[in-house]
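Presented below, as structure tokens, is a lone chain in the form predicted alone.
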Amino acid sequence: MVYWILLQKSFMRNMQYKVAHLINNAASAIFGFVFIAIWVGVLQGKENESPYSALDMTFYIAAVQCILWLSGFLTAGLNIQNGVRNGAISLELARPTNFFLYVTSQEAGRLLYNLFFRSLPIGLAFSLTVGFYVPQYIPTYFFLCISILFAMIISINLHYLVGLSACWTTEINWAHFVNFTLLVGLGGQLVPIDLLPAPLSTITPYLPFAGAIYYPVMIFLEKVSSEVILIQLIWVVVLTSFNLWLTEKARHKLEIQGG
């Protein structure tokens, strides 16, 4: 299948940069150590007043740094904006393939590479230094795989939406900045979303950003019920359906303009 081939080629293309990516891995681990040190300092002597202990936050930040490479650090706009600028998107939309799957399968290959050569090495670095949580129950691993898959699909959809907006705005830097800010801010990168002030702590759990980072981490730490996967599934369906619809709108727009 053409989309599987695209995924494989994307994976192999990233394989050529393994050594260079070691620097990114080191930087990501260092940021994790800094965030852990901050939380340990904040919680020192106050653990009885907090729902999280210093060890909990150590495991939380370590898991977040791993998940970020699967659902946080994606290609800006999935490079759709480049095709809009140089006109190549007209040819891509005219191909006898699904444009949405054509673009997202390439990013999926990159994320698969990140799993093996970014997330796992970073997790290993944390496990050898500050410690890394290991789920105690077998079903957790099954639900974790599903949650991470849904998190990747949600994030890919959000970045696809940003990229496709270039068909109307040309420039997407502002949209990418807003998307990334919401993703890390409301996704729980630095602060678990249940610690956010009201009404954010009430609203945020039902937003797609929580499904991209917070829920996979909390399922991994066995601190939430597997039922939260249903929230992720809803956003997977909603965002995918919306992007497929928007892709047809973009194709129609190009046809009208003679693209």
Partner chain sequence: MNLYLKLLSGSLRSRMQYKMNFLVSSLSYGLIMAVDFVLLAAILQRFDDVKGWNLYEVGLLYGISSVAITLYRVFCVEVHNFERYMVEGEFDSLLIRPVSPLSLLLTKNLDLSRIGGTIQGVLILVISIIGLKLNNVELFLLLIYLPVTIFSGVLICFSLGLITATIAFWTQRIKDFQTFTLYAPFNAANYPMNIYPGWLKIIFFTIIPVGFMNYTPILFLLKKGGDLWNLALPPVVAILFLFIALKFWKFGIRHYHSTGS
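Predicted model only: the values in this text are computed from it and were never measured. Positions refer to the first chain, counted from 1.
Another form exists, predicted together with its partner chain; not displayed. Remarks below refer to it.
- Of the candidates 141, 102, 174, 116, 174 is the one whose heavy atoms come within 4.5 Å of its partner chain in the model of the complex; the others do not.
- This chain appears without its partner; in the model of the complex, the one residue of 26, 55, 203, 233 with a heavy atom within 4.5 Å of its partner chain is 26.
- Within 4.5 Å of any heavy atom of its partner chain in the model of the complex lies no heavy atom of residue 225.
- Residue 17 belongs to the set of residues with a heavy atom inside 4.5 Å of its partner chain in the model of the complex.
- Although the partner is absent from this view, residue 135 stays clear of its partner chain in the model of the complex, with no non-hydrogen atom inside 4.5 angstroms.
- The closest heavy atom approach of residue 145 to its partner chain in the model of the complex falls outside 4.5 Å.
- Of the stretches 90-98, 107-115, 180-188, 153-161, only 180-188 has residues with a heavy atom within 4.5 Å of its partner chain in the model of the complex.
- For the partner-free chain shown, nothing in 73-87 comes within 4.5 angstroms of its partner chain in the model of the complex, judged by any non-hydrogen atom.
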